[in-house]
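Coming up is one lone chain in structure tokens, specifically the form predicted on its own.
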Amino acid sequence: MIELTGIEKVYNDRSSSTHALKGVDLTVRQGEIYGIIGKSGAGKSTLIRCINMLEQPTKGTVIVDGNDLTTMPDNKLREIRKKIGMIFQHFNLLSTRTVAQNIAFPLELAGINKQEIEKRVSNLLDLVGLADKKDQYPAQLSGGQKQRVGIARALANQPKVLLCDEATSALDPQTTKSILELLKTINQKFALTIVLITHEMQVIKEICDKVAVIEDGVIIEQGTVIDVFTRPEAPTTRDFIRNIINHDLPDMFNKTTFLSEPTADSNLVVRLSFIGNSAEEPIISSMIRRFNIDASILYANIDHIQNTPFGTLLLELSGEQGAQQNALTYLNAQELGIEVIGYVTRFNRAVG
């Protein structure tokens, strides 16, 4: 549905230039909810605005639904944009128009007849739960209600793609949850492809299928939400998910030197990631019984990404070296992620 290839964006002024995007490649499939997360100034807003060509890339191609937007004449681009809806952080509603009139506005610009406009507006008001607010003005609405109007307006031209530019960052947590549930419903009901940018990993966790992490204009990590949450590689990604899943070692290991090879008096420290059915299996207890080793739990967490359970477990395995290696082989054979942190001598561990 969306294919970005080699996207560069450079802003120039008289004295300097800013390289906002640096060779971004991104693929979003039909019907996916794709999250783009990054800190302030990372380039995420520029990137999402390149998808509908509100920002003209300096270099690269933008293909949406088979159309190369970067080579398209302005009149054709205007038609294509009707099928790319967008919602904004600060709603961007017209203060002098009612809720119904705000939703109708893009339809009026498109030259849709009055009867069809009234039908679509009525259906959209029902969809976003604002049928009783149709004659009110934006100043009379809460933040969540304003965003629902923004969503309805973005859907007025029956788009194939919906772009969300920090759509929940101005909302409280409870309202954010309701807006995310609405977006998920819209995605499922209309098979709508949604691209959203955010600086909150909780938003990604709630509704996204895939996620890309952007830093300094570069995509540094991307993949399914499950994979990125349970096996983060980049330090920035770890920072984002730290409040949801802690991948840091406990303070007791701050001054510990980990060995890459076992010694006669060392324990093995491993981090396990349990996904789906493996999160419900008694793997650790089976390992302890089978190999006669001890397993100290240093950190544990279990949660759900949408309907998929996942967990993280940091273990210190102690026992005979042969038993430790057999246990490690056993763990590697299971349906879980495993990261060997290293070996720590028992004496140093006891001191720590």
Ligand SMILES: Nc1ncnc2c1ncn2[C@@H]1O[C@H](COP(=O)(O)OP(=O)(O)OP(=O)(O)O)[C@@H](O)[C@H]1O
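Numbers follow the displayed sequence, beginning with 1. This is a predicted model, so every value here is computed, not measured.
A second form of this protein, the form predicted in complex with the ligand, is not displayed here; the remarks below concern that form.
S.K.: The ligand isn't shown here, but in the predicted complex, which of 302-310, 283-291, 44-52, 320-328 has heavy atoms within 4.5 Å of it?
M.R.: Partner-contacting stretch among the options: 44-52.
S.K.: Hey, in the predicted complex, does residue 332 get a heavy atom within 4.5 angstroms of the ligand?
M.R.: No, residue 332 sits far enough from the ligand in the predicted complex that none of its heavy atoms falls within 4.5 Å.
S.K.: Does the ligand come within 4.5 Å of any heavy atom of residue 206 in the predicted complex?
M.R.: Residue 206 lies outside the contact set for the ligand.
S.K.: Verify the contact flag for residue 166: yes if a non-hydrogen atom of it lies within 4.5 Å of a non-hydrogen atom of the ligand in the predicted complex, no if not.
M.R.: Yes - in the predicted complex, heavy atoms of residue 166 and the ligand come within 4.5 Å of each other.
S.K.: Using the partner position in the predicted complex, report whether residue 344 sits within 4.5 Å of the ligand, counting heavy atoms only.
M.R.: No, no contact at 4.5 Å.
S.K.: Report yes if all three of 81, 101 and 105 come within 4.5 Å of the ligand in the predicted complex by some heavy atom, otherwise no.
M.R.: No, none of the three is in contact.
S.K.: Using a 4.5 Å cut-off on any heavy atom, which residues of 48-63 would contact the ligand in the predicted complex?
M.R.: Counting only heavy atoms within 4.5 Å of the ligand in the predicted complex, no residue of 48-63 makes contact.
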